[in-house]
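A single chain comes next, written as structure tokens; it is the form predicted alone.
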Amino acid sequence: MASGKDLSVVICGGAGYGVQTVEDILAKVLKRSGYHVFATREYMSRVRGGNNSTEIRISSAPVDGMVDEIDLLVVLSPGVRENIRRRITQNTVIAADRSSVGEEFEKTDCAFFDVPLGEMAKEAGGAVYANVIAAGLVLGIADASTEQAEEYFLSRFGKKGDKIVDENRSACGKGLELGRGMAEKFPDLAPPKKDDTSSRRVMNGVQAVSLGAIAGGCDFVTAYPMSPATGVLAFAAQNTSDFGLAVEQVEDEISAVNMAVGASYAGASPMVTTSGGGFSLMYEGFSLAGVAETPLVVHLAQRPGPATGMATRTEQGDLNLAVHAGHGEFPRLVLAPGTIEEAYSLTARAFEIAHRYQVQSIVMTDQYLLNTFRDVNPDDLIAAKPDKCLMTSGPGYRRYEDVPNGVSPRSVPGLGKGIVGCDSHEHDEEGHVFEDFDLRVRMSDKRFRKGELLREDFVPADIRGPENWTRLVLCWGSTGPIVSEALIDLKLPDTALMRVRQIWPVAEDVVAAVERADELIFVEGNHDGQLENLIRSVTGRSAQGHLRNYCGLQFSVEQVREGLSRILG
């Protein structure tokens, strides 16, 4: 059992067996019972069929990363994927209906509990309740609150009638009884601290990005659906009235970004949500926003490429795509949140900076982060008050006034009597097209002075470790919490971790830390070491080692721990 305190549970089953429902039940009921929970799912890229899974860590202390070790494997249907089977050890306990899985686990040397899920589900009301019994089994092992479980089913299924609520309660009760009988197999699970999680909220990455955007002032979301970014579009569409959002699913990515640019020109605060393949198609529109100096936020949810790649898996392969997006030259901000809390706060920050400096912001997430659940403290969800930084225009207003810091006073059509010029060509201060070489230099310099502001008004990196560190481990995005846990386990007295949260422009604190370090080690989820190459291009410093993962699955804590041990000797 990881760290001797938490319980690592993997639940898997075919599409349609309700794995996500189990995840939702466990995350919310366990949190209400006082546990901290972390959950991440993986699912196959197909319309029907396949075998999906979710990993849930249950702990008396906050946890924020996936592990390889499986303490309990609950199997809802036969056909467990090979990458799950490889994680089964002699310490793993498997709970499954033998009449369903047959001899699938006969050759394993771990404990097997034959749980008649099919028969028990029929007793509860129908075969569809097998997943609820499985959830109850885990709740029973954790000695979770029966009352909280019953309240969950009432709140979730109350609108469907008493019969549905009662059948769910009955199914969960059967699982609870079964699980309590198995609890002695997991004696190291520390009990929850009383009221430790009562004020916390369970949130996933999709919700964090979406709510962060809204907190930042987003009022328009547009996209062409593309996994794993689609969840943000769906969340926005489901909550238009609650948050005053306009949402438009368009015919392709080119329309999405151009619609957002147009909306920004008119005074909206738009966000485009897409993945790597979609963002490639948006380059021209992204460049249009650059020359027009219209604030724009792009949520770039990474998945393995090239092309369709592995549509429902994870990778950090789009860093170069974001930093070099578009044709021509213009400044942009690239942020990479690593936690649920940062997915909220940095998305809000992306809007703040986009409006303050009239630039384009890119928020980089990935499938792993978006599909991760975790309990969070609402006080850690931080966002500045939205401000579009608009002014009322008057006679003689010039949209692209060449001011010392490059940030021209911004107005929008209808806000005052001035004319708000805009063009995709190079233009003068009023927005009129001119092919004047001196003008070209003046306008380009004006735009790039804003790049200097992005360097000065940066998001600091998260640096943790002993004060006298000499070795620096660098990572970015969703790998951060995993690397952090691995380094805590390793207890290296001379090593610090730096999570780079502002990818571009590379901030001064990152440069200073890199220059101070005697040794640099990079951990990232791509083949080429894209952050490593970027840092070297800015600082001239080469790394002494790196750990890379690009198989389509996220690093595990064990994988990073063992990899760093190997690199560091």
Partner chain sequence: MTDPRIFDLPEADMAWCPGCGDFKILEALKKALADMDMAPEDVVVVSGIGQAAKTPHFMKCNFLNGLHGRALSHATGVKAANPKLTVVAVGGDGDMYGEGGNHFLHTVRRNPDIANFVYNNMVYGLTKGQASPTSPKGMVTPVQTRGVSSEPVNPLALAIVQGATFVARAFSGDVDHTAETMKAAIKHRGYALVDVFQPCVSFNKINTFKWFKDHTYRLGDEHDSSDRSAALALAMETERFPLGILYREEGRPTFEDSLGIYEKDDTPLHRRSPDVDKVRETIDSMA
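Every value quoted in this text rests on a predicted model; they were computed, and no experiment measured them. Numbering follows the first chain given and starts at 1.
Below, we refer to the form predicted together with the partner chain, which is not included among the displayed structures.
With the cut-off set at 4.5 Å between non-hydrogen atoms, does Tyr344 touch the partner chain in the model of the complex? Contact check for Tyr344: yes, within 4.5 Å of the partner chain in the model of the complex.
Taking 4.5 angstroms as the cut-off for heavy atoms, does Lys450 touch the partner chain in the model of the complex? No, Lys450 stays farther than 4.5 Å from the partner chain in the model of the complex.
Residue-level contact is defined here as any heavy atom of the residue lying within 4.5 Å of the partner chain in the model of the complex; does Ser255 satisfy this criterion? Close contact exists here: in the model of the complex, Ser255 approaches the partner chain to within 4.5 Å, heavy atoms only.
Partner contact for Phe243 in the model of the complex: the partner chain, 4.5 angstroms, heavy atom: Result yes; Phe243 sits at the interface with the partner chain in the model of the complex.
Would you kindly say which of Leu288, Ile84, Val101, Val165 lies with a heavy atom within 4.5 Å of the partner chain in the model of the complex? If I apply the 4.5 Å criterion carefully, the residue I get is Leu288.
Interface residue in the model of the complex among Asp143, Glu150, Asp489, Asp219, criterion: non-hydrogen atom within 4.5 angstroms of the partner chain: Selected residue: Asp219.
Region of this chain that lies against the partner chain in the model of the complex, out of 300-308, 181-189, 72-80, 245-253 [heavy atom, 4.5 Å]: So the stretch in question is 245-253.
Non-hydrogen atoms within 4.5 angstroms of the partner chain in the model of the complex: do Ile214, Pro378 and His425 all have one? All of them do, each having a heavy atom within 4.5 Å of the partner.
Let me know which residues along 24-39 have a heavy atom within 4.5 Å of the partner chain in the model of the complex, or say none if there are none. Heavy-atom contacts within 4.5 Å come from Lys28, Lys31, Arg32.
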